[in-house]
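For reference, the chain that follows is the form predicted on its own, supplied as structure tokens.
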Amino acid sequence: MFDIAIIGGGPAGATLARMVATRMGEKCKILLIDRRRLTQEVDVGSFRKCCGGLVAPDAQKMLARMGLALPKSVLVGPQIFAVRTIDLSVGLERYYQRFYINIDREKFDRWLVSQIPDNAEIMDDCLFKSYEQSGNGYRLKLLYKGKIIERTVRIIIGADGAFSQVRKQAFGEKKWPKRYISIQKWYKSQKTSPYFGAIFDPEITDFYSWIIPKEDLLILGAALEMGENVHQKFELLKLKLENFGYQFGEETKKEGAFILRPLNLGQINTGKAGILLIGEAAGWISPSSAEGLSYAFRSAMVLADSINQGFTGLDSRYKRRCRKLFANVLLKNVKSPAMYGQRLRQLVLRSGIESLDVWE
């Protein structure tokens, strides 16, 4: 029987597994499950995370706190020092200084998994199907390499992202953060852009869209409200940006995923009764920028610290220790009107406060 089963080997799950395995050693039996083939050097045809692959300053701070330095193998060019902010509805744009580390997200996730000590068991190419209560723990049903298998565990940790099956099965569909469909397409580019583009246009979405350079490619992405016309809105966004001066070459890849946006603290669920949630599965993601890496690291760190004090009262201890995370999400929601309130955003852009003069 395992003490902890972590469903999801992304930044939240891999960080939790690493920290608990390092601190508790053989005293805690850990099982990490992920649908991807994260322990294999070459991964052809498996699920890939739809992500822009930028490490924002908050996430950089968390890497520093954990004593981690990124290897050269996960970096891609260019490294970005400014955000080009565009309001398409009125044709306004400004540049703001902000440093992002540009990464290959799949290689980044593999690197995080490679840091997990050998005393934790990793089952990749494995899909969580369901669970049922069994004695003092739970019996998991997993689809592993084409076969249904079972494992018994004491505690289940949902780290399986915005469409978390752990959260859905344990807590139902009530009180989820607002869901968006993220569409992301990769295009060949003759000119490398040195900026991360943050695009606002209420005709496209009440959230935001983005442009991210990756070597000789441009990623165009958008967080679109759920509905039947998401593809039409994406194409309208692309057309508007072309009219604004962007040039998109041949499409090389397209991706899609759900993004959550917690509009109030009641939509964040840390779990209870032996089933706990971290990362985006809990709703830990910025409601103003959709940045999730720092929240994945922070929630994993808080839960690891809580586990170190034992399993008795773990659910209430974890939630109590998340108070700074709750406060951070609340603060980001207070900040959101300056970004998403049309009049206030345009006032800020027109003022030029803290913006850069850029010569190209």
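Being a predicted model, the structure only gives us computed values, none of them experimental. The numbering used is simple: start at 1 and walk along the sequence shown.
The form predicted in complex with a small molecule is left out here; the points below concern that form.
- A single residue from the set K319, R36, K332, K29 has any heavy atom within 4.5 angstroms of the small molecule in the predicted complex; that residue is R36.
- Taking I80, V76, I155, A290 one by one, only a single residue has any non-hydrogen atom within 4.5 Å of the small molecule in the predicted complex, and it is A290.
- Not displayed here, the small molecule is approached by C126 to within 4.5 Å at the level of heavy atoms in the predicted complex.
- In the predicted complex, no heavy atom of M62 sits within 4.5 Å of the small molecule.
- In the predicted complex, the small molecule sits within 4.5 Å of a heavy atom of Q184.
- Contact check for P262: no non-hydrogen atom falls within 4.5 Å of the small molecule in the predicted complex.
- Exactly one of the stretches 241-249, 82-90, 268-276, 176-184 approaches the small molecule in the predicted complex with heavy atoms within 4.5 Å, and it is 176-184.
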